[in-house]
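As structure tokens, one chain now follows by itself in the form predicted on its own.
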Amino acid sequence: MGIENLLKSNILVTTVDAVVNWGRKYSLWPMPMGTACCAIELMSTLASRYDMGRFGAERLSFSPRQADLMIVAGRVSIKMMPVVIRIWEEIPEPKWCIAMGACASSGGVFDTYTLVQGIDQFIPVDVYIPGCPPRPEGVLDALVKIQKLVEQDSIKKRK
């Protein structure tokens, strides 16, 4: 085997963005913000039947400083919204958000003065999961969509 063949078979060319995003894509640390029945479906997504760990997101973080994905599952009251905003602001960049269920996405059937009619009025949402409550398959689909967003991210865009 000549030196040229040895070099051709052992050289890998890639970008820093591709390597970093590959690592981020398969090591998301979700911060669950479960306020209602959607949180039960989120728990079932983590269990053995659906196993969110297959996608690299099994380690839930209950500290916002160690999370990079916030999952708001359920209805959010006006009094609770400042807490959600504070938690969102404490998550370091890069960060992503999933609005899980009809209540978090648009207020759902609870069109009252006490509940927020969609968390996207206060924090940026990357992926919406429809349903009341959404099925675990919907949560996994949203996670895959977040992974695609992570894959397209660039270090150059970060400050």
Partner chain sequence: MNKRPEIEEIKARFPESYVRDEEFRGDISIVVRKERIFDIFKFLKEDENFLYDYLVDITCIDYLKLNEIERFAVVYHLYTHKNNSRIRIKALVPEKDTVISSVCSLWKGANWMEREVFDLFGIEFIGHPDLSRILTPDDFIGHPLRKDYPLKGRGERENFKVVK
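Residue numbers count along the first chain shown, from 1. Owing to the predicted nature of the structure, the values given are computational and were not obtained by experimental measurement.
A second form of this protein, the form predicted together with its partner chain, is not displayed here; the remarks below concern that form.
Site annotation in the model of the complex: the residue of L115, L46, I123, L60 reaching within 4.5 Å of its partner chain with a heavy atom is L115.
Remark: D111 counts among the residues lining its partner chain in the model of the complex, judged by a heavy atom distance of 4.5 Å or less. Residues of 69 to 86 lying near its partner chain in the model of the complex, listed in sequence order, are I78, K79, M81, P82, I85, R86, the criterion being any heavy atom within 4.5 Å.
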